[in-house]
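First, one chain by itself in structure tokens, the form predicted alone.
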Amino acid sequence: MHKKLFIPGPTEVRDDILNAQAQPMIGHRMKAFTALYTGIVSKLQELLQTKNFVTVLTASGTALMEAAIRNCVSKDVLCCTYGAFSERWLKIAKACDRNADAIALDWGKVVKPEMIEEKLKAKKYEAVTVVQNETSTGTRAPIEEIAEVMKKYPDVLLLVDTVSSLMGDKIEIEKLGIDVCVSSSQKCFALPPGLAVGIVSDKALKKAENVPGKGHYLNLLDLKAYFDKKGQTPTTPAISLMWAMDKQLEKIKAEGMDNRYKRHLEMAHYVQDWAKKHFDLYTEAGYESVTVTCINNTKGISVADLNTELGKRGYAISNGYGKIKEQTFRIAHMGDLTLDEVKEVIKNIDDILKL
């Protein structure tokens, strides 16, 4: 039995998108692929209202997080940490031998713009890393206010992980001045895993010209040069996934981005109202995610047993992540899921737990 996924990735993928992968194979140096790939890039630019360089890499979003560090930081970077994935920025920076300082907060808390400004006043950094939507804690960082502070420091790049929010939460990349925006196919895009999406500002590309050790596969300048010259990727891409992305972007365009944002907000409010009634939210109040709700297990239920019972009914939710695995559980409401489907899974949880 197929279990409908209410987990924070991979998310539920509709049959027509899965079937789009079964188109006959083409060569990645053929004109047909150039048409496919340039079409994807232009659709992404249109949907995200940006003229910035867009790349779709065959990789997970983590690869583009590393690309952002390797291309945009030669020495000093400030990493804001308040969950597993914001801590990943810090780990990546250190693994790339950069000098990484952290604004280290408890999980579930969120970095505030004044915290970042205090650090930027005290030391010259090349970049600041932020996770806009912390999947492990269901926390939405105040990226709009952070962006306003960053505009006072035009020499400092803003590197943002939107892996579990882009295409579900409204993120005005150019308006906010995000220099590298990173996302993945298996979250709000409602696609299979395997593609990473990067939106890179001219400022970030200019910075990359003077950063040594960018590596080969993740060299943003090489990716841009190859695209500008040939409309392709330098290395062999996951062509089948590209077919699926192309079809999905057409569907997203038909739905309309504002309608998509509204649907995500409606689902989030429904789940969060339910969670506050029966349990409690893990995240700091006022900073709730639009795409995934992290719930404090105040009743001490067995999430594993709940998921086993849900599985028999054709649903799956997620346990907590990392060090809060046992004390929380998560319900995702992202991608192509609808409010009716969310109500359906909540109704089944109520029935199983006798709430």
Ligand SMILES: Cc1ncc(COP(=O)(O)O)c(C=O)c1O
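Residue indices: 1-based, along the sequence shown. What you see is a predicted model; the values in this text were computed from it and never measured.
The same protein also exists as the form predicted together with the named molecule; that form is not shown, yet it is the one meant from here on.
**Q** Only one of Thr50, Asn319, Asn297, Thr62 gets a heavy atom within 4.5 Å of the named molecule in the model of the complex. Which one?
**A** The option sitting close enough to the partner is Thr62.
**Q** Sort through Ser184, Thr81, Ser201, Thr283 and report the residue having a heavy atom within 4.5 Å of the named molecule in the model of the complex.
**A** Checked against the cut-off, the match is Ser184.
**Q** Using heavy atoms and a 4.5 Å cut-off, decide whether Cys188, His264 and Thr293 all contact the named molecule in the model of the complex.
**A** Answer is no for this spot.
**Q** Only one of 210 to 218, 264 to 272, 234 to 242, 83 to 91 has heavy atoms within 4.5 Å of the named molecule in the model of the complex; I'd like to know which.
**A** Looking at the partner contacts, the answer comes out as 83 to 91.
**Q** Does the named molecule get within 4.5 angstroms of any non-hydrogen atom of Ile178 in the model of the complex?
**A** Because no heavy atom of Ile178 falls inside 4.5 Å of the named molecule in the model of the complex, the answer is no.
**Q** Residue-level question: is Val131 within 4.5 Å of the named molecule in the model of the complex, judged on heavy atoms?
**A** So Val131 counts as contacting the named molecule.
**Q** Examine Val77 and determine whether its closest non-hydrogen atom to the named molecule in the model of the complex is within 4.5 angstroms.
**A** No, Val77 stays farther than 4.5 Å from the named molecule in the model of the complex.
**Q** Can you check whether Ser164 is within 4.5 Å of the named molecule in the model of the complex, heavy atom basis?
**A** The answer is yes: Ser164 has a heavy atom within 4.5 Å of the named molecule.
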